[in-house]
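Next comes just one chain, in structure tokens: the form predicted on its own.
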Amino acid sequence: MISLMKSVVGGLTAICRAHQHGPLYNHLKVLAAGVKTFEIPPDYSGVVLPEKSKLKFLNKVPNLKKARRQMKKLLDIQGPAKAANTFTSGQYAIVAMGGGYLHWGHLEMMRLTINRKMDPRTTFARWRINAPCKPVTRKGLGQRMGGGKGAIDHYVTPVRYGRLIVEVGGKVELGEVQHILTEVAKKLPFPAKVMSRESLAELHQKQQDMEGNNQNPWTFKQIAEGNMLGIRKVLSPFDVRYQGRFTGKFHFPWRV
């Protein structure tokens, strides 16, 4: 049956090519042209897969001789990330677009979701954050005020804006892993986005273009450094250092 259909189509093609006119010839010509518009597949010849491609288990409690209580230190989640803000070996990653704390439950959710849904033969994943190390104290219910600081309840991992949380790479395209990373990013306690090397570089270039092409002479930096209208009275050193682009753990991408 298949050979008969092939012979019929071949005969029609030969007839149309001989006459060089008619709607059937035009239709076959369009089909022949459409076959040639396939995109060239990406080259993965330089990609090397590690021996252990899955995310490793992170400890719930750090291995310390003596656990010490700490203050809140909200500066841990304020401002831009100074480490793990660029790619190393992967092509795609989940990037934090705000500050926050990750509990051990968040890390376990990411590990189980990515390890179960990715193909370890063609994909690998790497942590770009540390295990929970910052202690959080809490008092029991029904206790009166006072009595000193409470006991350590759990540990968290502080994350700042622009930090890569999980990095994914291998012989895969973005469309194959984007739905997995998006599902994980939606469950995080701060805004996060799935980005590739190109999109991250484009984001940084866009911020530089906004600063270079700004036509407004009254920028936040110029107003703060010039102490116009005595504004330094209400500005903190944090605002002056980051030029008003951050308010605590929140980032203002439109601020120049």
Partner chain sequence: MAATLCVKLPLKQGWLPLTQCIRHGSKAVTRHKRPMHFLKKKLLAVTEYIPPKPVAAPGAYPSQTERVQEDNGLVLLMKRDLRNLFQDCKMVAVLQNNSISADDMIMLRHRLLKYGITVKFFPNQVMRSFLSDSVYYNMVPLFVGPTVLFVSKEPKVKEMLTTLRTSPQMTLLGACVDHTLLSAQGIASYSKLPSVTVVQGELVSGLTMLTSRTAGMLQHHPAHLSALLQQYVKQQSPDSNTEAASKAEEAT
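The structure displayed is predicted, hence computed values, not measured ones. Numbering follows the first chain given and starts at 1.
There is also a form predicted together with its partner chain; it is not shown, and the following applies to it.
- Of the candidates Thr37, Ser45, Gln205, Asn213, Asn213 is the one whose heavy atoms come within 4.5 Å of its partner chain in the predicted complex; the others do not.
- Interface residue among Leu49, Ile231, Val61, Ala201, judged by heavy atoms within 4.5 Å of its partner chain in the predicted complex: Ile231.
- The chain is drawn here without its partner chain; in the predicted complex, the stretch among 68-76, 117-125, 139-147, 158-166 whose residues come within 4.5 Å of it by any heavy atom is 68-76.
- At the 4.5 Å threshold, heavy atoms of Phe190 stay clear of its partner chain in the predicted complex, well away from it.
- In the predicted complex, none of the heavy atoms of Asn227 sits within 4.5 Å of a heavy atom of its partner chain.
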